[in-house]
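Okay, so here's just one chain, in structure tokens, the form predicted on its own.
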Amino acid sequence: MPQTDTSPAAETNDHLPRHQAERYRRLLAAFERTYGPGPIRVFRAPGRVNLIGEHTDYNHGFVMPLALEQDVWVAVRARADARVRLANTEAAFPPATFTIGPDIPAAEPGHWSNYARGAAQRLAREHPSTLRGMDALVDGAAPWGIPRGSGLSSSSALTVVIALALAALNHLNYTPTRLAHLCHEAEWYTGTRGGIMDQFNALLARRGHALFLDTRPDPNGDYHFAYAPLPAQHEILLADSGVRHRNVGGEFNRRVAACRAAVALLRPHFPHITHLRDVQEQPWPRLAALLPEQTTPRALAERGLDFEAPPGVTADTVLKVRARARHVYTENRRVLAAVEAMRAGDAARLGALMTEAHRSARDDYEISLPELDALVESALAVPGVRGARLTGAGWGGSVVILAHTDAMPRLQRHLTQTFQARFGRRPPLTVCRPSHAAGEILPPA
């Protein structure tokens, strides 16, 4: 049954495995070297892999992610002033300092601190009185961290863990869905207008389960969700293409614009529509007849249609409206069918839906690459593999594969051999174990 949440965010995760206990001690030691001794609190936020439901969330559709053991940690200490001093255990990410307020100046485009600035700014706008800052040391390094650019939502995890820490230090009592909504808006700071899936999953995940989420809030602002167990005797394998994408700017926002253009074109015929979700019950041929293959914001304006272009989309940007809308329409239906398959324990049906989703992402949404397609094709050639698809925003990142447990060794060998033969490198492979939600970590016993 669908649920809404009333529990506070920042549940405590107090059972650390041995290697994580060592990670905890190392992080505290690094924090003291950076900021000096004193009371320290540690928070985590997981990465995610999306089983099915890609680019549906900003269209108020359905998604089904699960949280990963790979995560981002931050060690923090409250300050008496509103400054945030931010450092990272990885030398590739230089330190930064800013002051919390409703209008925080951005670092240069692409700088990692912009996700923290966005989180702090959004909380400051929610709470006009001055918030206390913090000294913070972020740890997302291998082997425990989330690989950047692999489609596993490292940027959202960073946003969530910073917001979670600031909320805790300032005694702000948010429900997980409310904090997820604020973190979603916080990422707009970086120029990306994505959906709410990543933040919601980070804050409401359940170990061993995928999360079915309706990304449209009800009239009270609540989001409805449910949990679905993975099929018995099956596992999820992540295969990293090694191609790193950038969410900020460009192609992502053009996909958002194409969906908004489809809504503008359909609204004269369906006056109630605000998102593509609103025409989900209509026959696709009827919708397709109302959507041109492509258009531009200028053409929409000349027709007097209401359309808001996201950042980076100009008046003459070509938007492939019909194909983009078809992907969203069919993907929503696949997610609902996948929920039924998981509840029935039907791994074959779930896998077939995942493979269909990849073809739609490749052909209609055009977010795949040769490396991703090769991984999917190689996986599907192995007996015991039920399905495979790209996961994340696309244009790089990882492929998620559903396979019987007995097939895992053979699958990993085959992927390594075929990918190396074609692209000259080995794809990093990770068996995915669904993890728990973001929260504070108690010191190891």
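All of these numbers come straight from a predicted model, not from anything done at the bench. Note that residue numbering begins at 1 and tracks the sequence as displayed.
Keep in mind that the form predicted together with a small molecule is not shown, yet the notes after this line are about it.
### Query
in the predicted bound form, which of the listed residues (145, 191, 351, 194) lies with a heavy atom within 4.5 Å of the small molecule?
Only one option qualifies, and that one is 194.
### Query
Heavy atoms within 4.5 Å of the small molecule in the predicted bound form: does residue 198 have any?
The answer is yes: residue 198 has a heavy atom within 4.5 Å of the small molecule.
### Message
When the contact criterion is heavy atoms within 4.5 Å, does residue 382 count as touching the small molecule in the predicted bound form?
### Response
Although the small molecule is absent here, residue 382 would stay clear of it in the predicted bound form, with no heavy atoms inside 4.5 Å.
### Message
in the predicted bound form, is there a heavy atom of the small molecule that lies within 4.5 Å of any heavy atom of residue 407, even though the partner is absent here?
### Response
Residue 407 lies outside the contact set for the small molecule.
### Message
Quick check on residue 42: any heavy atom within 4.5 Å of the small molecule in the predicted bound form?
### Response
Contact with the small molecule, no.
### Partner-facing stretch of 23-31, 64-72, 46-54, 407-415, counted where any non-hydrogen atom is within 4.5 angstroms of the small molecule in the predicted bound form
Contact-bearing stretch, as computed: 46-54.
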